[in-house]
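So this first bit is one chain, no partners, the form predicted on its own, shown in structure tokens.
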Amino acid sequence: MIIKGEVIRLTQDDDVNTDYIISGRYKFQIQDPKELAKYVFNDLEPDFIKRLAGRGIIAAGENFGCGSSREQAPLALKYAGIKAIIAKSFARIFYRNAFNLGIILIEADTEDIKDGDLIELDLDSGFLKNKSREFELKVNPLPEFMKEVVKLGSIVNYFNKYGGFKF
């Protein structure tokens, strides 16, 4: 499984909490995930959605997704078109919620990944290739179960297909 895309680097690198991802004033008022996606990172970077413009990979620092454990944050990211997030570390509950919704999360050293870099993630062999800066990082390959959840788009789709866990 290979994911390719252009990176959007956040202006705040570390401790990006779920209230930065989607503000409480939106996550409790808007039920439609497509509408919610329009307000991703609105408090942190008001022009984020314009800057996103078709990019599908976020690069960040440590502790991405800290804060509340509500699913609206990864749900809004998914509907904004985010396929993968590369960060030094993730908050545990955000990590699980994001994968349950089919977003790929990769823990890696992101120091040399810049805004606009073209990235290729090989989720089978465990390599992150930065095509813009011509370097590659070894990352943990995803387990088959998690790759299947991502391929199907969510844990709900996985259960609908298999009727339970398939190991």
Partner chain sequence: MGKTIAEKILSSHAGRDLKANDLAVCEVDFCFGQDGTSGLIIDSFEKLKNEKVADKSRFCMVIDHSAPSPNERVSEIHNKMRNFAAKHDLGMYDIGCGVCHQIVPEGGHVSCGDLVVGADSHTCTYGALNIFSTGMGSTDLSIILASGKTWFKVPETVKVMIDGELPKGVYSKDLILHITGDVGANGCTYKAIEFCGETIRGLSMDARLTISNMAIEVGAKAGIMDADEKTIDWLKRYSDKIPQPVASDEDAIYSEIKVYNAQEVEPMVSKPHTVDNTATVSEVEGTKVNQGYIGTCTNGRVEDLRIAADILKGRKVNSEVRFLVAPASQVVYLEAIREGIISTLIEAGAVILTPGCGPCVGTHQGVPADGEVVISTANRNFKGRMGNPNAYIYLASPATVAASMITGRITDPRSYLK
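Residue numbers count along the first chain shown, from 1. In this text, all values refer to a predicted model and were calculated from it rather than measured experimentally.
A second form of this protein, the form predicted together with the partner chain, is not displayed here; the remarks below concern that form.
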Region of this chain that lies against the partner chain in the predicted bound form, out of 118 to 126, 26 to 34, 52 to 60, 131 to 139 [heavy atom, 4.5 Å]: 26 to 34
When the contact criterion is heavy atoms within 4.5 Å, does R96 count as touching the partner chain in the predicted bound form? yes
Taking heavy atoms and a 4.5 Å cut-off, does R70 contact the partner chain in the predicted bound form? yes
With the partner left out here, check for me: in the predicted bound form, does some heavy atom of L152 sit within 4.5 Å of the partner chain? no
Considering only heavy atoms, tell me if I113 and the partner chain come within 4.5 Å of each other in the predicted bound form. no
Pick out the residues of 105 to 122 whose heavy atoms come within 4.5 Å of the partner chain in the predicted bound form. E107
